Structure formats: structure tokens, C-alpha cells
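We begin with a single chain expressed as C-alpha cells, specifically the form predicted alone.
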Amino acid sequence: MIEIIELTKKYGKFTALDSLNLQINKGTVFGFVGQNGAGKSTTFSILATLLAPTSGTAFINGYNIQKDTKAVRRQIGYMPDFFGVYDQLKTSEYLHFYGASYGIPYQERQKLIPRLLELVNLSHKKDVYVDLLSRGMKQRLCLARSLIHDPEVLILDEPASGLDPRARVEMREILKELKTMGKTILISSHILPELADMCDSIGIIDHGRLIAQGSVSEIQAMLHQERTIVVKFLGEAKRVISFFEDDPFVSKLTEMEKGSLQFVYRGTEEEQMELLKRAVLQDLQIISFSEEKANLEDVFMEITKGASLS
């Protein structure tokens, strides 16, 4: 659905985007992660045909972003990180304006707009002026705007930026619904745990370069040389703690609450399995022995730190 080939953007001596290669399959939700200035918005602007690359190219649903500009724009719905709204228009009038811009007949818009407003939970605001909407409502309205021509691909640059927790949850639920509708979604965000919850795969970009790509679990696994293990048990804590402290790969052991402890483990997965086996053979009453998944924000910080040092 989206194919990016050696995409590069330079401003004089400054390289904003450095030979980006990426493939995103149809129906996938792909999360683009990076600090401010990493190259996310540059990539999105190029894909939206608003910015010409210095070199390289990209294809959206088979259309070249440079040679088939009009066709590409029909394929995509683009929501920039900063967007304008027309304050003197009511919510429904705002969508009528954009629908007319795409050449959608009035009678068709009359049926389409109520469905879009329902999708983004704004049906009750159809006759309210745009400038009276909250920021979260304006975000959802702009998402509806990007859907007005039923695009196959959505390019959403920081759609949850500046939203309060409730509004972020609402936006996330809408995006999940769009995924079930078969939309291919390319989304950037600093709210990394939310990306982990809704994305099929993510890419981490730093200083214009893609430094990691894969499913959320694959990205998390990149740091699995050091794992956090949580153990729940019955019986005397002193005996259980003493057993695990004697293992050479165990460090930073902490008793969390009665019948629960955690520690950092630096051995291999096979050695971790042997540790659990020995605990059972020692008649320790282990209820659960589980690995705590790395927080995606921690993964991001660790990976980008390594990239900066290289």
C-alpha cells in the first residue's frame, strides 16, 4: 500500500530525512516514533505531496507521489500536526465545504456527513460553530474532514497532540474503528504506550534515519538482554529471596509486597527457564514467574541513545 524508497530531504547542508526505506501493507496501522525534528513531519508532508523530496520517491497504492500527484491525493486523507479551522462555519458546514472541494455532490454529502459525525462522536455538535468546539472536538472534526472522500490511506501527524486524557482515549477508539474498516493508517505520536496499544508495527526515526522497525514485541525484544522478572509465591519470603539472590544473573531484587518480588535478570532465555525449574525442584511455592514487558518509552529512549552514540 505504501512503499518508500531512499526518500531524502535536505535543506542546504542540513539533512532532515536520510535515505528512508519503508513498506506498509494494506490495512496496517503503522506508528512513526521520533523526537521533535527527527523527520516525522517531513516524511508525512512528502507523502501528502505538499513537499518535494531532494531524492528518492514513494508510492501510495501504486501511484508515484511526484508523477501522480492528483491520484495520490485521492488515495490519502491527511491530518497535519497543526491545522486550520474556519471559525465562522458550523460543524456540518465545515464538512460540506471540504466535501464540495472534492467534487462530492450535495445530495451525497447530505447522507455522508451525518455518518462521519457519528463516527467521530460529533453528531450532537452538527449545528455548533467550529470556534466553540473544544480542542479534542476540533481534532475529531479534522479527522472527519480527512475522511470526507473515503481515502484508502490516512496520514495522521500527532493526532492526539495537546489532548487531555479523555480526549486521547476517544481519539484512540476512533482510530481502532477505522482500522476495522480496513483503512491503512500511518500515525505519529509522542504518546508511545498508546501507539503500542493500537499499532501493528512501529518505526523509530532519529535524525532523519529509520533506526528500528518491527512489531511492538520485536522492538521491545531489542532490549531483552536485561529483563525484569516478577515472581509471586506462597510461604516464607526469606527463603524465596535467598534462592533468587544466589543466582549470578539476578540483580536489583526487590520485595514488592507480601508474596511478590521482582528482579533484573541478565541470563539467556534458556538460563531463565532453568532458574524456574530449579526453583520448583527446591519446593518453592511459585504461583507465577513472568517477564515484565519493557515500556515502549524506555525502549525508545534506549534505542535512540544508542543511535546517537554510534
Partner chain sequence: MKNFTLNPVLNKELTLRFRSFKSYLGILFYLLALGLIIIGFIFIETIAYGQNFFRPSASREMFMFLSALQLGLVLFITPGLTAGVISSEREKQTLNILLTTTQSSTSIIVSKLVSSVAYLMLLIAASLPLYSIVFLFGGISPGQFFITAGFYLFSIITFGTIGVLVSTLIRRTIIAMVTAYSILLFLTGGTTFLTVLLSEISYGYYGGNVSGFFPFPYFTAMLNPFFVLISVLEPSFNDELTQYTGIHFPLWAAFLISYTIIAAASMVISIKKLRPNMQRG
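Positions refer to the first chain, counted from 1. These numbers were taken from a predicted model, which means no experiment stands behind them.
Only in words, not in the display: the form predicted together with the partner chain, which the text now covers.
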- Task: Given the partner chain in the predicted complex, answer whether the residues Leu50, Gln66 and Arg74 all have a heavy atom inside 4.5 Å of it.
- Result: yes
- Message: Counting any non-hydrogen atom inside 4.5 Å, which residue from Ile187, Cys142, Ile204, Val120 sits next to the partner chain in the predicted complex?
- Response: Cys142
- With the partner chain left out of view, which of Glu177, Glu236, Glu93, Asp164 would have a heavy atom within 4.5 Å of it in the predicted complex? Glu93
- Task: Answer yes if any heavy atom of Thr254 is within 4.5 Å of a heavy atom of the partner chain in the predicted complex; otherwise answer no.
- Result: no
- Message: Considering non-hydrogen atoms and a 4.5 Å limit, does the partner chain approach Ser101 in the predicted complex?
- Response: yes
- Does Gly182 make contact with the partner chain in the predicted complex, using a 4.5 Å heavy atom cut-off? no
- Task: Classify Ile211 as contacting or not contacting the partner chain in the predicted complex by the rule of any non-hydrogen atom within 4.5 angstroms, answering yes or no.
- Result: no
- Option from 279-287, 243-251, 52-60, 264-272 whose residues, in the predicted complex, bring a heavy atom within 4.5 Å of the partner chain: 52-60
